[in-house]
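Only one chain is included here, represented as structure tokens and corresponding to the form predicted alone.
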Amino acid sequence: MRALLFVIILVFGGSVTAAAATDLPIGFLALEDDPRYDADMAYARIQLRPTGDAAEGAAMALADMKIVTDAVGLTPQLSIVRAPDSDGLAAAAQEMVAAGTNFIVADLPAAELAALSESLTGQPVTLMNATAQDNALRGMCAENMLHVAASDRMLADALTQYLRLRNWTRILMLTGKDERDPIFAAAFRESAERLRLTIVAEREFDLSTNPELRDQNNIQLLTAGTSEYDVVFIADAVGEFGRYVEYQTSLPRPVIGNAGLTPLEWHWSLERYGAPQVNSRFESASDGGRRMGWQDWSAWTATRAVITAYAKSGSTEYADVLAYLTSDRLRLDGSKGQTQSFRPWDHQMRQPILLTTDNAIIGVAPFEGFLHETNTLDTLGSDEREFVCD
């Protein structure tokens, strides 16, 4: 044990003395009745939305990092607050900042997160975006936001790299009417253009029972009457329509996107890079022994990033910790095979993306052959030369 503590002291530059222990407040903000976690159930009680509480991922990070924080004399304290609306979120965040909290893990939809970021402009606090994937948040170029959740463009790029690898170059796009559907579809369209894939047609589906719209929920009709295609891409954030598309397309073709082969930050079936141990710890610690979802992984990773920055920067000053967190010195292990850090141009965390089915990992992007002049992880998402602040 002494040898292990000595190694930790050397790596993190801290000292082990109870008298020197310093409280490290970390905030966690979420929205009451967040529609993204609405427990929608379809026929036969099929789960359509993620369940559980991403704060459990943040709490596990504190437990995982305890030997490090003990070694450097830090005592992390996680403050979890759920508010009913943007005003409540802003008030809760202001209270956290007044109490000395400099980093808040945010499990919020894009609109609420953008509003919260604006309300905290000029305050000594950084929001760690754990679950909002919208590209527009990155385009805000907000100085007080770092993005741990992968962007829609990163997820789309993982798919298009795989399509190019397999030489499946012709795509039929199906897009729903949920507010997230056209956003994800737009990201995929940009990604397909970058890799010179051809979208042969785009069709919109509708889940309403209006008889005048019945052709828009008929899968065979939606996937017929167009040029030859290799794969069907579906943007369906709700998941009610997408679960029926496989095996009902006019041509026998793979389905990708929000159904079939799906890009995710994390999946319980990953069997390499220490992922089984991460999943096992989460199942043991979580309420009901549930499996770790990507939102849980993002909250876990965001919290670990903050603690790592405090421990390795050798300082408790906000400016010093933030400088370390956003520098190339941060090399965070996310149990996905490559070290992770934040891009300076869009504050997005570099990370591999898993291509998954319900119960298996089919591949991990970036794939072999997709090269970058500095970091292959930057083949996923908007690269510096193409990124523009809105």
Partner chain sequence: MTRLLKLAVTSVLALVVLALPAFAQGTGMIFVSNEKSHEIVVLSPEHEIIKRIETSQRPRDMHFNADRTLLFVACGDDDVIDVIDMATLEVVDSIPTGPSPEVFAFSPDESLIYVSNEENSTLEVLERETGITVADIPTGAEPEGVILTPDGSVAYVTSEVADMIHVVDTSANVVTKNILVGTRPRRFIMAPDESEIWVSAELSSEIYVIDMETNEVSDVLEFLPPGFRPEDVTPVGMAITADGSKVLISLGRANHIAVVDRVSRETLSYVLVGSRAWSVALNRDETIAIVANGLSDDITVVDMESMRPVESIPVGRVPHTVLIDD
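As the structure is a prediction and not an experimental result, all values here were calculated from the model. Residue numbers count along the first chain shown, from 1.
Same protein, other form: the form predicted together with its partner chain, not shown, and the subject of what follows.
Among residues of the shown chain, P344 is not one whose heavy atoms approach its partner chain to within 4.5 Å in the model of the complex. When contacts are judged by a 4.5 Å heavy atom cut-off, T357 does not count as touching its partner chain in the model of the complex. At a distance threshold of 4.5 angstroms between non-hydrogen atoms, R331 is in contact with its partner chain in the model of the complex.
Contact annotation: Y273 falls within 4.5 Å of its partner chain in the model of the complex, judged by heavy atom distances. Only one of the listed residues (V231, A311, A142, L89) places a non-hydrogen atom within 4.5 angstroms of its partner chain in the model of the complex, and that residue is A311.
Checking Q277, Q94, Q248, Q77 for any heavy atom within 4.5 Å of its partner chain in the model of the complex turns up a single hit: Q277. The candidate spot formed by T121, S286 and A299 is out of contact with its partner chain in the model of the complex: none of the three has a heavy atom within 4.5 Å. Just one listed stretch, out of 147 to 155, 191 to 199, 265 to 273, 220 to 228, contacts its partner chain in the model of the complex at the 4.5 Å heavy atom level, and that stretch is 265 to 273. Contact residues in stretch 335 to 364 (any heavy atom within 4.5 Å of its partner chain, taken in the model of the complex) are S335, G337, Q338, T339.
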